[in-house]
Ligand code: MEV
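A single chain, nothing else alongside it, follows as C-alpha cells in the form predicted alone.
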Amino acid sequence: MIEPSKKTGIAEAHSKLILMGEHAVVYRKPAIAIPFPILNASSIIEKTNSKIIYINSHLYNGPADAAPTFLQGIVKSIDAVLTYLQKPKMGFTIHIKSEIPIGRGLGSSAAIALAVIKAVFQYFQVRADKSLLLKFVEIAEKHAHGNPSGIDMEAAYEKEPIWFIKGEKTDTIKIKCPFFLVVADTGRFGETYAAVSSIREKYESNRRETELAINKIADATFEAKMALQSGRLPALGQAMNEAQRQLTNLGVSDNHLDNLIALARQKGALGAKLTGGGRGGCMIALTDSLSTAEGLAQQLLAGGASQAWAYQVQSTD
C-alpha cells in the first residue's frame, strides 16, 4: 500500500470492452464500447526532493527519462502537461498500478495514461475537463498504437456505454435493461497491428468482399444499439454472433478464440465474439443473468481461458 505524502495527486481509470464494431471502426463505421470497471489502473503522485521525475510501477522503477519503450508515451504525455502548466519537470514520483492485462484489447494503455494525467492535474490542483485530459492521453495513445481511432481513451473516460465513430462527437447509449457479460482472456497478446494491417491488405486486394464484411459489421452494430435501447437481449446476442462471423471472414479471429466462443454458445450464451483487435486477447459472451455468467466464466476457465470475469452492465434508461 502506497502511503501518500501531504502533497499528492490520486486518480484512476477503468478498462474497456468493445462490444461491437472493432476493425470496422477504422473505416469510420460505428462501434459500441462499454466501461469495464472490474479492472482498473491507478496513479499516485508524491512530492519528492529529487531533481528528476521517478516512475514506480510493477514493470519499471527508475527515472522517467530512462523509462522503457512501453512507458515512453506516458513520459511524453507528462512532459506535455508540465509544459502546458508551466511547471518544472522535477520534484515528484509517479506510482502506477494496473490490474489490466497488457495487449488483450482491454484498453490498458489508455487507462494508465488517463489515470496518470488526471493525477498530474490533481497534484497541481488544476481542474481539467474531458477534452483537455484526452488531448494529453492521445499523445500516449499515438505512441502506443500509431494512429488510434480514439475509442479506447473515450471509453476509459466515460462511465456509460458509448457510440463511437472516428472523427465525430462521441455519444452515450441509454441501456433499457441490465445485461450480463463474461469476459475470457486467451492468455495471449492480441496482434492488433497485424490484424489491422491484414484487413488493409484485403481491402486493397479484394475491396468488394472486404467492404461487404465491414458493412455487415456496421449493420450488426446498429442492430446492437437498437437492442440495447429496447432491452432485447436475444437480438443483441444475434448481432454479436453476426459480427463474429464477419470478423472471422476478415481473418482476425483464431483457433483459441473460436474454441472459447463455440464453448460459450454451447453452454447457453445468447451471443459470443472476440473483443478488441483479435488474434489473441479476449472474447466476450452475453448471458441472461449474472448467475449464468458466473457459471459460464468457470466453464470457460475449464475450457482453456487463462482468466475470466462475469460482469453486469447496469441499465441507464
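None of these values were measured; they are calculated from a predicted model. Position 1 is the first residue in the sequence shown; the rest follow in order.
Absent from the display: the form predicted in complex with this ligand. The rest refers to it.
The stretch in contact with this ligand in the model of the complex, judged by heavy atoms within 4.5 Å, is 273 to 281, chosen from 288 to 296, 254 to 262, 48 to 56, 273 to 281.
A residue is said to contact a partner when one of its heavy atoms sits within 4.5 Å of a partner heavy atom; T221 fails this definition for this ligand in the model of the complex, lying far away. The shortest heavy atom separation between I139 and this ligand in the model of the complex exceeds 4.5 Å. Taking non-hydrogen atoms only, G103 never approaches this ligand to within 4.5 angstroms in the model of the complex. This ligand in the model of the complex is approached by V196, whose closest heavy atom lies within 4.5 angstroms of it.
Note on the partner interface in the model of the complex: the residue among S98, Q246, T186, S149 having a heavy atom within 4.5 angstroms of this ligand is S149. Proximity of N40, I112 and K118 to this ligand in the model of the complex is absent: no residue of the three has a non-hydrogen atom within 4.5 angstroms. Annotation for 16 to 38: interface residues with this ligand in the model of the complex are K16, I18, E22, H23, V25, V26 [heavy atom within 4.5 Å].
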